[in-house]
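Just one chain follows, in the form predicted alone, and it is written as structure tokens.
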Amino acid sequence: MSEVTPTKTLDVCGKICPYPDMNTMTTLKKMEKGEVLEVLLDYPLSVERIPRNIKKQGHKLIEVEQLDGPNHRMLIEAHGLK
């Protein structure tokens, strides 16, 4: 587990495509450069897709951690594109 303190937490557990991906990208767009978004999710396809999508947008994936079962935690540093 990382020692990075998230600026904001987004819980998209129980949501399926495309909502985890869309909610993550929308939230990142509103964040300042260097702020850290913690995403809690349990949808396997989003665990694969979100890292690819954020890199295309210039954000930085700090870590992906599997919690239990399908539950994951991602830490993403915002690029501050706004």
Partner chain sequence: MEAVLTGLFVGVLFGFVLQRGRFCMNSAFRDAILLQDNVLLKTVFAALLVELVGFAIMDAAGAIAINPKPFWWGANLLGSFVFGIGMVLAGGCASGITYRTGEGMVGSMTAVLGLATAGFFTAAGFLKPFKVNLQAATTVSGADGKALTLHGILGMDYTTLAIIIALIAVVVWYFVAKSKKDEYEADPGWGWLNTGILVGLVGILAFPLSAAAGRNYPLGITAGWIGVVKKILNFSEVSMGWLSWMVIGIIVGGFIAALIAKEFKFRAPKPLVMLQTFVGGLLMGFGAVTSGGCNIGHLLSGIPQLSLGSILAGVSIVLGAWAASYVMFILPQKKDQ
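What you are looking at is a predicted structure, and each value in this text was computed from that prediction instead of being measured. Numbering follows the first chain given and starts at 1.
What follows is about the form predicted in complex with its partner chain, which we do not show.
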- Query: Hey, in the predicted complex, is P44 touching its partner chain, heavy atoms inside 4.5 Å?
  - Reply: yes
- Message: Taking its partner chain as it sits in the predicted complex, is N53 near enough to touch it, meaning that at least one heavy atom pair lies within 4.5 angstroms?
- Response: yes
- G58, heavy atom within 4.5 angstroms of its partner chain in the predicted complex: no
- Is there a heavy atom of K29 lying 4.5 Å or less from a heavy atom of its partner chain in the predicted complex? yes
- Query: Counting only heavy atoms, which residues in 4-24 are within 4.5 Å of its partner chain in the predicted complex?
  - Reply: G14, I16, C17, P18, Y19, D21, M22
